[in-house]
Structures are given as structure tokens and as C-alpha cells.
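A lone chain, given as C-alpha cells: the form predicted on its own.
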Amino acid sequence: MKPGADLIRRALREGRKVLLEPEAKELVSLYGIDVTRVAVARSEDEAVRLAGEIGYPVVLKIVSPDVLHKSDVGGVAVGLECEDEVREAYRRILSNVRSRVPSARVEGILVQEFAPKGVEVIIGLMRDPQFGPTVMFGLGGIFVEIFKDVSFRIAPLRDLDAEEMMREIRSFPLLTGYRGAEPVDLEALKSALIRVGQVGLDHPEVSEMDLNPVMAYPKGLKVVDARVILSPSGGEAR
């Protein structure tokens, strides 16, 4: 069985077209890509306990199959430093989501490790009707929609394909140490690009994957946010 096949099958059996974020991160981690540590809390007290286990500061996020863009509905709180902040954020997130998306099914609140600042990149996967799984790379965070500085390759990716993808974007100097900054770990990024392509090859049910932002560091990387959209019939070109 391919890594993560059980996660995808369970979601489809439940009639879901999206993996919950903990599931999406588990799928990504099964392919050897580093993600921020996460746990799901179903009560305020549990959120406090999990935050203590993960270590402050932490991030809280709504977990709901009906909320894809969490920040748009007030479903995210970042950089929480203590128990009181976690409790207040937990209550605020639930209140925001219930008022803005009353029909949303809430599975809990995600307690997530806070990732230190790095160079933000995006790694994506989409399924082209002709060519099948296609990997995207670019500058991440909010900048991906503003600058649209991205490159594409059809999976499977070789090492050279992944390197060319990075060099093609206009923002490549940001990865190599712009104005004295330390260069990021290009080998880790190449490995992640290749592995995301493999997810698309292994799982035709995955129609889209967005890892954004991915924090790229001088050594290694961390996937901060992960979104996986499913197609029940599979999207592989025939």
C-alpha cells in the first residue's frame, strides 16, 4: 500500500473532498518532508495541555472540512506565548467561525508548533487533464498571488528538473543569499519537490496539493500549512 493511502480512503468514505490539515501534514510527512508538529484539541483545557507538550510559542487553527481558507474567517491565531493566550485564542477562533460560517463542521482546534521565520516558498501539485501530476514551485506566503513567480514540471521529477524549477523563478536570488543573507538549503527543497511529485504519481485521487508557506532554512525546511484536495474518481489522465 502506498504511504497515506488509508488517510485518503477514509476521507473519501466519509464523503470529504479535502483532507483535514492534520491528515494533510501526516501525508506529507509520510513522504519524508518535514512539517510542523501538530495535535488536535477538542477542548480548551486540552489545547493548553497540548501547547505545553509542543512548547511555546504555538499557533492555533480551526480544523474543519468546510473551512479551506482559515485566516479569512478568523480561524488562526499565531505566536501564542502562554496558557492565557491559548485559552483566549481558542474561544475567539470558535466564536469567529461559528459567526462567519455557521454551517461549518468543527472537528477541533489544531495546536501547532511555531516555525521560525525563513524564506517562504510554495510547493504545489495539480493534476493536468492531459499530462497528469504537475509540480509547482515559487515564492510563497502572500507573495505567490501578487507576483505569480512560479515554475512548473510534470512528475516524475529528476534532481535536475527540481534544480531548474528553482533557478527559473525571478526570486531565485532570495534562496542563494541575497544581500548577505545566508543561503537556504537547496538540496532540501529539491528533495521536497521530487517527493511531492511522487505523491501525485502514487495517489491519483489527489487533485491538488498546496504546501504554503514552506519555511526554507540554511539547514532543512518546515511545511507550515498544507492543503490537499481530493477527487473521488481520481484525476489521472488516461
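Note that residue numbering follows the sequence shown and begins at 1. Owing to the predicted nature of the structure, the values given are computational and were not obtained by experimental measurement.
The same protein also has a form predicted together with a small molecule, omitted here; what follows describes it.
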May I ask you to check whether Lys190 falls inside a 4.5 Å heavy atom distance of the small molecule in the predicted complex?
no
Can Ser171 be called a contact residue for the small molecule in the predicted complex at 4.5 Å between heavy atoms?
no
Should Lys70 be counted as a contact of the small molecule in the predicted complex, where contact means heavy atoms within 4.5 Å?
yes
Taking any heavy atom pair closer than or equal to 4.5 Å as contact, tell me whether Asn212 reaches the small molecule in the predicted complex.
yes
All of Thr134, Ala155 and Ile194 within 4.5 Å of the small molecule in the predicted complex, heavy atom check
no
Exactly one residue in Glu85, Glu107, Glu163, Glu120 has a non-hydrogen atom within 4.5 Å of the small molecule in the predicted complex; which is it?
Glu120
Students should find that, of Met126, Val76, Val101, Val150, the residue having a non-hydrogen atom no more than 4.5 angstroms from the small molecule in the predicted complex is Val76
Within 4.5 angstroms, counting heavy atoms, which one of the listed stretches 93-101, 107-115, 126-134, 163-171 is next to the small molecule in the predicted complex?
107-115
